[in-house]
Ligand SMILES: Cc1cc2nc3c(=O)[nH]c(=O)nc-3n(C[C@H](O)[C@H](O)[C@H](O)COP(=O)(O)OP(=O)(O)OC[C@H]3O[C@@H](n4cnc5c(N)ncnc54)[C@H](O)[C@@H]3O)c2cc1C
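The form predicted on its own is given below as one chain in structure tokens.
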């Protein structure tokens, strides 16, 4: 276990128990992407996390923070993992200033519990988290966001303040209600999507929204690719190329539809696509919320009528706000104007891919069958990355069996990697915070 040996190991877990924090031996369910820790700590406040981090620094323990554990299998395994800091006991709403539409919470609070508390005051945190049991800290660490990212932004956009504990036990804050800053750094932006590689998030403050008094979903089933009038966005050209132009006189494609919806005076909150099978057509679902939702929904339905059969409902489709699967899960991101091209790039590769996500922001999740062969998987990732690169985007492997993910680079090209490495060196020079869990082995 890394530096734990000889007399140093004899001091543990006594040194950890001396912190006064509840410590237990780790079990099989505590493994982080297959790597088992030695111990699990259950702190109840920021001060206890800081104490744990100071002891860990003294004994060179590698630390991984965990919230609900819903995404411990995402990302690469850590190079080593001695101590798991479980934030389940950091589960309090510390302050809810309803008049200011601001809430401050501990990082281990589940999103479901937070939603219930806010709903009592007619408010919400406008994130649609796709996994049950997710915590505030876990949502920030993995930067996951749901359908309404188009209108309200992602977790980093709604975050106005954060408290973190660094690898040496230093407590730092930035944003709203600041006590101590790390000069020159926006901690909220740095820690969002960091996978626990920079420190432990212990508290967060968010900007809230009133719960809309009305909602409507407009759902359109688009034609199957290759059928008459299917349009370029479903492969009207027929060659599978992601940059295929629209055929003159053909119905507008997905890129055009997304642009029309995004610019619509109906002001949709979300524009989502679900495409489970290349042999069928995609389904596009649009959400409108708030004032005059019914009239605005009719305007959206009329706009979508030229693309496929559209209907208005008072509830979301069953797939709304969920992942298409998790055994083999990839994430595709391109500029919003290239969403249709990204969909074609994925669906033209001959594997039974299922794509779901935001058509408006072009943040899409892709799942493949768990029994896809290693060679087929590697070729799929390589070819789709080439296509997406021409569109200005990329592909990340969020999770997959080791026999598959071992054949590819999880992240692909990352232009900001030198900067990210400098940030890691600044915040965790000893490489003890979830080492290897983020891009480039950070």
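Note that the structure is predicted; figures quoted are calculated from it, not measured. Residue numbers count along the first chain shown, from 1.
The discussion below concerns the form predicted in complex with the named molecule, not included here.
- Let me know the one among 343, 257, 139, 366 whose heavy atoms come within 4.5 Å of the named molecule in the model of the complex, would you? Result of the distance check: 139.
- Item | Contact residue in the model of the complex, from 405, 52, 62, 398 (heavy atom within 4.5 Å of the named molecule) | Only one listed residue qualifies here, and that residue is 398.
- Segment assignment from 284-292, 257-265, 307-315, 72-80: heavy atom within 4.5 Å of the named molecule in the model of the complex: Of the options given, it is 72-80.
- Look up in the model of the complex whether residue 199 has a non-hydrogen atom within 4.5 angstroms of the named molecule, and give yes or no. Flag for residue 199 set to yes.
- Query: Is residue 160 close to the named molecule in the model of the complex, meaning a heavy atom pair under 4.5 Å apart or at it?
  - Reply: Taking the distances in the model of the complex, the answer for residue 160 is no, it never comes within 4.5 Å of the named molecule.
- Item | Distance check, residue 323 to the named molecule in the model of the complex, heavy atom within 4.5 Å | Because a heavy atom of residue 323 falls inside 4.5 Å of the named molecule in the model of the complex, the answer is yes.
- Message: Within 4.5 Å, heavy atoms only: does residue 195 come near the named molecule in the model of the complex?
- Response: Yes, contact at 4.5 Å.
- Counting only heavy atoms and a 4.5 Å cut-off, does the named molecule in the model of the complex sit next to every one of 337, 347 and 388? Not a single listed residue reaches the named molecule in the model of the complex, so no.
- Using the arrangement in the model of the complex, list in sequence order the residues of 49-68 with any heavy atom within 4.5 angstroms of the named molecule. Contacts from 49-68: 64, 65, 66, 67, 68.
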